[in-house]
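In structure tokens, one chain follows: the form predicted on its own.
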């Protein structure tokens, strides 16, 4: 069973349709990057998923429960940060977590210490939040969202304002949660470069419509598979290349082949006495893939 199933949801503001038949799902241990330009409908979709805005049609299931018909059961195992963590700046990190833990029934005190260690705030948890860096505040916000042991974490633009160190801290934390806690994570962003390094899957949205949902390794593949091959030399190699293949310099060639045809091409190179040092499949960057799928829409 999927942790989150979004099925053909539609949302209107007046006569304007801002979400159009959006569907995707998240499994245990998956980090889904929900990607699109500003105004594409990411935050509205997240608010609908969390029951913060009503949907006009479609269905959202969390752990099998409908957000519309069984809201309390559906939202029970969800942790979320929409836009920015809501923290009391004049209190310590620990006090913030204690206040949030008090909102949940039967939260053991040990859980607070456990979550502090999990997000790596052991050394600063008794400092006032006003002294925290943005990255530390983001981690504290995630700690607050994890107090009740949810299995689904939803984060809206969590990298906004973070420096490279803060982004790395967030990335490492989310990877640990997905792997060790078997948590599903939905993370929305327009910052493709930051998400590329750690999401397992991507869902591209433009003008309220899903363009494609795919494993990240698949969406970054070019329409024709491209391989760069490093050899000892490239003299006279044109004789065995196909139309469209390229000689890049005296060591490298670029060839377009189906994966199944690469072994026979390697055999041909060996037969022709070329020494092969490297065969690398070329993948597009996530930004290149998005621009290709989105028809050139600029991410800003």
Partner chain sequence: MISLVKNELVKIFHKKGLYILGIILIIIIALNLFITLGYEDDLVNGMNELYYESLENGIEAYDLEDTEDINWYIQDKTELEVYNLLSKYDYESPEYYYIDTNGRVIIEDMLIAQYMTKTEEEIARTQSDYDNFLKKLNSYDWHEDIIKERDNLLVQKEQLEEKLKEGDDTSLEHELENVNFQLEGYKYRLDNDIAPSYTGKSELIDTYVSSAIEFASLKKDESSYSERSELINKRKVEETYYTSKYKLDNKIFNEGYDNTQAQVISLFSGIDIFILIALFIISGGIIAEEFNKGTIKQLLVRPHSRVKILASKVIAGLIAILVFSIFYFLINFISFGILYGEIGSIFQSVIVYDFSDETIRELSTFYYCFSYWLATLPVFIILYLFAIFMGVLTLNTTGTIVSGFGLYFASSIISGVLPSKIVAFLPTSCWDFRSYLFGGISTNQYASFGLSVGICLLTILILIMLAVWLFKRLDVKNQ
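Basically, rigid core = biggest C-alpha set you can superpose within 1.5 Å across the two forms. Positions refer to the first chain, counted from 1. No experiment lies behind these values; they were computed from the predicted model shown.
Just so you know, the form predicted together with the partner chain exists too; it's not on screen, but the next bit is about it.
Of these, 87, 210, 229, 226, which has a heavy atom no more than 4.5 Å from the partner chain in the predicted complex? Among 87, 210, 229, 226, a heavy atom within 4.5 Å of the partner chain in the predicted complex occurs only for 87.
Could you check which residue among 112, 118, 82, 193 gets a heavy atom within 4.5 Å of the partner chain in the predicted complex? That would be 82.
63, 181 and 202 each touching the partner chain in the predicted complex (heavy atom, 4.5 Å): Not one of the three qualifies.
Contact of residue 52 with the partner chain in the predicted complex (heavy atom, 4.5 Å): Yes, residue 52 sits close enough to the partner chain in the predicted complex that at least one of its heavy atoms falls within 4.5 Å.
Residue 76 versus the partner chain, in the predicted complex: is there a non-hydrogen atom within 4.5 Å? Contact with the partner chain, yes.
Would you check, heavy atoms only and a 4.5 Å threshold, whether residue 91 touches the partner chain in the predicted complex? Heavy-atom contact with the partner chain at 4.5 Å: present for residue 91.
Would residue 47 count as a contact of the partner chain in the predicted complex, using a 4.5 angstroms cut-off between non-hydrogen atoms? Yes, residue 47 sits close enough to the partner chain in the predicted complex that at least one of its heavy atoms falls within 4.5 Å.
Just to confirm the contact call: exactly one of 24-32, 242-250, 37-45, 263-271 touches the partner chain in the predicted complex at a 4.5 Å heavy atom cutoff, so which is it? The contacting stretch here is 37-45.
Are there residues in 136-163 with a heavy atom within 4.5 Å of the partner chain in the predicted complex, and which are they, in order? Going through 136-163 in order - heavy atoms within 4.5 Å of the partner chain in the predicted complex - the hits are 144, 148.
Core fit, then residue 158 C-alpha moves 2 Å or more between the shown form and the other one: No, the C-alpha moves less than 2 Å.
Once the core is aligned, please say if the CA of residue 184 is shifted by at least 2 angstroms between the shown form and the other one. No; that C-alpha moves by less than 2 Å between the shown form and the other one.
Tell me whether residue 95 is among the residues that move between the shown form and the other one (Cα shift of 2 angstroms or more, core superposed). Yes, the C-alpha moves 2 Å or more.
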